[in-house]
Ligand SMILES: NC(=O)c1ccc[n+]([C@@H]2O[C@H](COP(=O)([O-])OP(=O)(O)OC[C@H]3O[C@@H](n4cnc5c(N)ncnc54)[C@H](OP(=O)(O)O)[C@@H]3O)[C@@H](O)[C@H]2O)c1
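Next up: a single chain in structure tokens, the form predicted alone.
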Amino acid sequence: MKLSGNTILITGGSAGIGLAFAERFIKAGNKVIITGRRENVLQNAKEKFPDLITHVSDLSIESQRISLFDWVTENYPEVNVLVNNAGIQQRFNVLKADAKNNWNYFNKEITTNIEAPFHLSILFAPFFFTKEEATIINVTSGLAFTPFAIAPIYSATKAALHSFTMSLRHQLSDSSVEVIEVAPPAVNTDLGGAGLHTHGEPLEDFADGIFKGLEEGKQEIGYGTSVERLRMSRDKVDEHVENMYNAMKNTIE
């Protein structure tokens, strides 16, 4: 992936990992469009980085994903990079989940983390196919490989996105469209709620590490503990998952 001269759409770009990526892409000489659900948060991001282009969109809604694609391609037809970063994480005990009356709460995690990146990738792939150079970057997680048992839906959605990304890369391998997977470890952001990831990697260090991977032309980019997880054996996965659950299970009881 070339790191300058692109027009880049980043979903979930108003805070956390998405905004850190946006900052680095702007500094590298790219035009950057970010989207998110909350206009005030997008405005705060634009105040920090005035060159940002912002657009309000709730990616859990199918019609808004289509509207986003139409708006971007009509107003910025030179767009050639999609970063599927938007995601939500919910921690819960399945024995206490009110799935009968509150399924919408759980389903939003599925639609945001799976349907949105699948749909946007499939929308943009034919558009990007006509470009001289284009890239789709899917942000998964180390939890795609070693699930976090107290965030079961989140972990499963990231595993699904990893699998989808592999298939997408093969289908587009003979085209000008590069497909990259970024698999973060825990990063100090507000994912899942404020204060839940204070033990994670510092955001700025993480973002710098990912951009180093992009510069090196890697197709799968981990950082910190997620590097090992990308190639962990099944026995190691089982051990890691059990240790993570035992360390955190009291937080959802």
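Since the model is a prediction, treat every value here as computed from it, not as a measurement. Note that residue numbering begins at 1 and tracks the sequence as displayed.
Just so it is clear, the following notes concern the form predicted in complex with this ligand, a form of the same protein that is not shown.
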Legend entry - Partner-facing stretch of 45-53, 58-66, 22-30, 217-225, counted where any non-hydrogen atom is within 4.5 angstroms of this ligand in the predicted bound form: 58-66
Legend entry - Heavy atom of Ile88 within 4.5 Å of this ligand in the predicted bound form: yes
Inset, instruction - Classify Val187 as contacting or not contacting this ligand in the predicted bound form by the rule of any non-hydrogen atom within 4.5 angstroms, answering yes or no. - result: yes
Inset, instruction - Using a 4.5 Å heavy atom cut-off, state whether Phe145 contacts this ligand in the predicted bound form. - result: no
Inset, instruction - Would you check, heavy atoms only and a 4.5 Å threshold, whether Ala15 touches this ligand in the predicted bound form? - result: yes
Inset, instruction - Go through Val139, Val81, Val72, Leu168 and name the one with a heavy atom inside 4.5 Å of this ligand in the predicted bound form. - result: Val139
Legend entry - Neighbours of this ligand in the predicted bound form among 141-172 [non-hydrogen atom within 4.5 angstroms]: Ser141, Tyr154, Lys158
